[in-house]
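Heads up, the chain below is alone and in the form predicted on its own; it's given as structure tokens.
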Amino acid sequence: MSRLLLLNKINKYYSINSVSMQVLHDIDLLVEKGESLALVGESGSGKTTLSRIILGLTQPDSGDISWGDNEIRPKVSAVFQNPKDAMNPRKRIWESIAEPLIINEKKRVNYFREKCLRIASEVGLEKNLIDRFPFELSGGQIQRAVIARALIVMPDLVILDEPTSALDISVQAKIINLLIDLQIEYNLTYIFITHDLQLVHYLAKKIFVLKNGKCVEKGEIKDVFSKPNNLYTRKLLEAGGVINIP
């Protein structure tokens, strides 16, 4: 695999009530093209801040970010929590799917309808659904639309923040299988932000464990799950019911 993203000594501070608080401490992270990385940790561990830095929505206070072998920033998309909140209730589904293209290419929405139809088909969204509004779709259908919107710019990296947490168990399995199929088809690189360690086991090859803004453990899933080195990691795995999975 070739390097897609490298973070070196990333630090981030926030000012709360005039008091400076460090939320990320010397984060080093390597993401290779085509792999799946799980970013895990309790609420407040720094996962969201780190993902916003990778997306370019937040700037680190120190440290270096490099992309690929030629330093050209690749396309990065995101699938956020609560898919129903991610869609504009006043826009038809295909118009919301087209939003990244409108922003990037500065063209009218109708110009992208056919492309929206193609990507909707790729994620298993029936043609008759894309002319509907979000309230007319099920949770699983909306999540497919959100995934289509993330993929329509043909990204190199997709950050998925709890991509199945708002879905029923039966729908979760379908979305998981969809994400696996799409990764193979498009050679996508995934970063999963999740509390669901069972999901991590199926979707990711590597894991990066954060606690209080510090990386306490990282490595191959099979190695970390079978023999975690850090007590905090062990507690997470025990709570998630996945300790000692071979």
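All of these numbers come straight from a predicted model, not from anything done at the bench. Residue indices: 1-based, along the sequence shown.
Keep in mind the form predicted together with a small molecule is missing from the figure; the text below concerns it.
- Only one of Pro60, Gly44, Gly34, Gly68 comes within 4.5 Å of the small molecule in the predicted bound form through a heavy atom, and that residue is Gly44.
- Using a 4.5 angstroms limit between non-hydrogen atoms, Thr49 touches the small molecule in the predicted bound form.
- Lys205 falls outside the set of residues with a heavy atom inside 4.5 Å of the small molecule in the predicted bound form.
- In the predicted bound form, the small molecule sits within 4.5 Å of a heavy atom belonging to Tyr14.
- For the chain shown alone, Lys214 is not a contact residue for the small molecule in the predicted bound form, no non-hydrogen atom being within 4.5 angstroms.
- Only one segment in the set 35-43, 197-205, 217-225, 177-185 has residues whose heavy atoms sit within 4.5 Å of the small molecule in the predicted bound form; it is 35-43.
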